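Below, in structure tokens: the form predicted on its own, a single chain.
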């Protein structure tokens, strides 16, 4: 069941939040909607869900125009960051809630609840209340409830945002396996780029309420289409040699820079930078350098072993070896 968004617009008090957004979420794939805060990600998801009404444009699910239909008629399942479980109901009653609203036979409801508990691997917790569960378990129950009604599309709004890093990592892997089993067309709003790249098959980048780029995760990451997209995806701008008389800017990610000690008698050996500060973060080290020529700031991320072998401290001059960069021609403020 594909989801097609066509020229969608939404404003609040004359302030545009979603601006002529168009994209297609492929059938049986996870499409991640990413972008900075205020880019329109959650508003767009709420428009697709029917929780907000678009000012202009169309929304189609499996080719059917649902732009003006109610939430109940869109065939969607919703999972939010805050779980939204009923605290007074047991796990099995939470999962069964939507089925009972649809007045399905009791035997079918019991069978479906058992199937969902098996799917999320929490059969042993069926009689517990949400307060007795961990955050990760509550979120898996929220997924089970959303999937119980066999929705055509699953909409996820920052589903792991309230969880700690270890649990988020576990649930990302769990979501991948869940999707492989259900093959439900899914739209995922997340602020976590690693999460989007890990679990999705399709990415839509939103900037200022507009689609800046879309495509396969690795394609978008490796080949950002604009300087703004490159910057959002973690690259920093550096002046580059002009090309055909036009100014050029190279966008470089911290992990794509290798460092060596600068030879004291040869300033032509490469791009030189002075170490301003370094910070050990687990097995990695994050450094801030200032280029000797031009004074631009460069962020670098290297392995701890590499950093210790380098032996550089604040004030030392090092050579930067840029392994990969995305170059754009034309004016760009650095």
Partner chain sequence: MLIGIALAFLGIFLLVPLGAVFVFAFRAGVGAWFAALLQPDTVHAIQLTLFVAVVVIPVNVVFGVAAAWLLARFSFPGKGLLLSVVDLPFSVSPIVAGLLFVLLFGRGGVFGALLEAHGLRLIYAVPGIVLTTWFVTLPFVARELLPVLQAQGCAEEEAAYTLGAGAWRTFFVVTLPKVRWALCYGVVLSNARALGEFGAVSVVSGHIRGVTSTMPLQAEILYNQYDFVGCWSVASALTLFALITLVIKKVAEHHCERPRLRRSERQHP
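Fair warning: this is a prediction, and the values are worked out from it, not measured in the lab. Residue numbers count along the first chain shown, from 1.
What follows is about the form predicted together with its partner chain, which we do not show.
request  = May I ask you to state whether residue 58 is within 4.5 Å of its partner chain in the model of the complex, using heavy atom distances?
outcome  = No, residue 58 is distant from the partner.
task = Verify the contact flag for residue 46: yes if a non-hydrogen atom of it lies within 4.5 Å of a non-hydrogen atom of its partner chain in the model of the complex, no if not.
result = Yes.
inquiry  = Since only the chain is shown here, I'm wondering whether residue 184 would be in contact with its partner chain in the model of the complex (any heavy atom pair within 4.5 Å).
reply    = Outside the cut-off, so no.
task = May I ask you to check whether residue 93 falls inside a 4.5 Å heavy atom distance of its partner chain in the model of the complex?
result = Residue 93: contacts its partner chain in the model of the complex.
ask   = Counting only heavy atoms and a 4.5 Å cutoff, which of 165-173, 236-244, 203-211, 120-128 contacts its partner chain in the model of the complex?
value = Contact-bearing stretch, as computed: 120-128.
query = Within 4.5 Å of its partner chain in the model of the complex, heavy atoms considered, which of 191, 106, 102, 177?
reply = After the contact test, the surviving option is 102.
key: Residue among 218, 72, 114, 134 with a heavy atom within 4.5 Å of its partner chain in the model of the complex   = In short, 72.
task = Within 4.5 Å of its partner chain in the model of the complex, which residues of 78-104 have a heavy atom? Give them in sequence order, or say none.
result = The stretch touches the partner through 78, 80, 84, 85, 86, 87, 88, 90, 93, 97, 98, 100, 101, 102, 103.
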